[in-house]
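Shown here is one chain on its own, the form predicted on its own, set out as structure tokens.
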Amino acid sequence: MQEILQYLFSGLTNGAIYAVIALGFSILFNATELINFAHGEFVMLGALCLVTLWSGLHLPLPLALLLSAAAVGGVGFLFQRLAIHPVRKPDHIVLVIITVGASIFFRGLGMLLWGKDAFAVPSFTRKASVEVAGAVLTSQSLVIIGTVGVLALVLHFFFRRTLTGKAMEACAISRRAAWLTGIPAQGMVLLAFVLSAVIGGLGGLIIAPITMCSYDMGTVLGLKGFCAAMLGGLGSLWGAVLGGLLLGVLESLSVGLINSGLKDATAFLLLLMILYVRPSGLLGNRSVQRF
């Protein structure tokens, strides 16, 4: 029982990270119907920016977190304006190919700026770990899980209670109709890219203290975040959270109880099973409103 509880704690931590990444996929898909396969590289950039600003320049942690998130948001802004916006015929397959190329570019840029070595980041808090029935939940895990809960609530409030969030959702439903009512559709698309990039960078910030940070860390994380988004229902806020947590827990249990070699395969096997039974995902049906 103690071992299973420890696997559960580990799975919740990993699942919370996948949930943050999945939220970035869902927000961008809602506004543009685009799947950004460079999203994992935003996670990498967030983590490595924190390495430079906090571990390298020794800035205060809150300032380093803020500047790292802002830097990744700036990269998302430039990516949309320079690579996505100029496309004359924005077919989905063309845009997907652009994001795949951007992923390779960002990964190469990360290797040039930070090298091939992996970096470690200390925990955000020095508080002792929490022990429950013999299983240990680290303080950084509590930070990660708490961040996901706060982020989900903030995004829920943003899309349900603010005019900007409602305008972004209107663009997701019909960009032309939103434009006819005076909503700047292009501005909402740009905002969606920046917001998605910031959330991806946030995923990198919270994962940095529990893993080694390197230029190629975003590839697998991005794919697992995409699997979590599809599992919960692409475009659904709470579906992204549910899909990430479920994926993390099942992945941890499969590693601990079956075989450690199934760690990376679990996400894709689970995705295939869910899509075969329920192609829209767990919460991605018509009776559930997005956001």
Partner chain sequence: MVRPSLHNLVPYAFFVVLVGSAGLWVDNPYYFQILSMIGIHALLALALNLLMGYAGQISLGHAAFYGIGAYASALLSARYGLSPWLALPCAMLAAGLVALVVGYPTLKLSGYYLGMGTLGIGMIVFIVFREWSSVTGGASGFVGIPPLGLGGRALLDVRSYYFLVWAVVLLALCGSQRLIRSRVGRALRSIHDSEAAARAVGIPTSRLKLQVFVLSAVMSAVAGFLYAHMVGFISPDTFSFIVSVKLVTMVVIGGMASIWGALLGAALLTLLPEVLHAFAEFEMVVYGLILMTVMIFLPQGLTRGILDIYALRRRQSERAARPAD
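Everything numeric in this text was worked out from a predicted model, so none of it was measured. Residue numbers count along the first chain shown, from 1. Between two forms, the rigid core is the largest collection of C-alphas that superpose within 1.5 Å.
The same protein has a further form, the form predicted in complex with its partner chain, not shown here; the description that follows concerns it.
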- prompt: Where, among 80 to 88, 187 to 195, 171 to 179, 149 to 157, do residues come within 4.5 Å of its partner chain in the model of the complex by heavy atom distance?
  reply: 80 to 88
message: For a quick test of understanding: in the model of the complex, does each of V96, L109 and S280 have a heavy atom within 4.5 Å of its partner chain?
response: yes
message: Is H92 part of the interface with its partner chain in the model of the complex - any heavy atom within 4.5 Å?
response: yes
message: Given that its partner chain is not shown alongside this chain, does A102 nevertheless sit within 4.5 Å of it in the model of the complex, heavy atom to heavy atom?
response: yes
task: Consider A31 of the chain shown here, and say whether it contacts its partner chain in the model of the complex, taking contact as heavy atoms within 4.5 Å.
output: no
message: Would you classify L250 as touching its partner chain in the model of the complex, given a 4.5 Å non-hydrogen atom cut-off?
response: no
message: Quick check on this chain: which one of M44, M230, L50, L237 has a heavy atom within 4.5 Å of its partner chain in the model of the complex?
response: M230
Sequence-ordered list of residues in 192 to 226 near its partner chain in the model of the complex, where near means a heavy atom within 4.5 Å: Y215, T219, L223, F226
- prompt: Hey, does L270 budge by 2 Å or more at the Cα between the shown form and the other one once the core is superposed?
  reply: yes
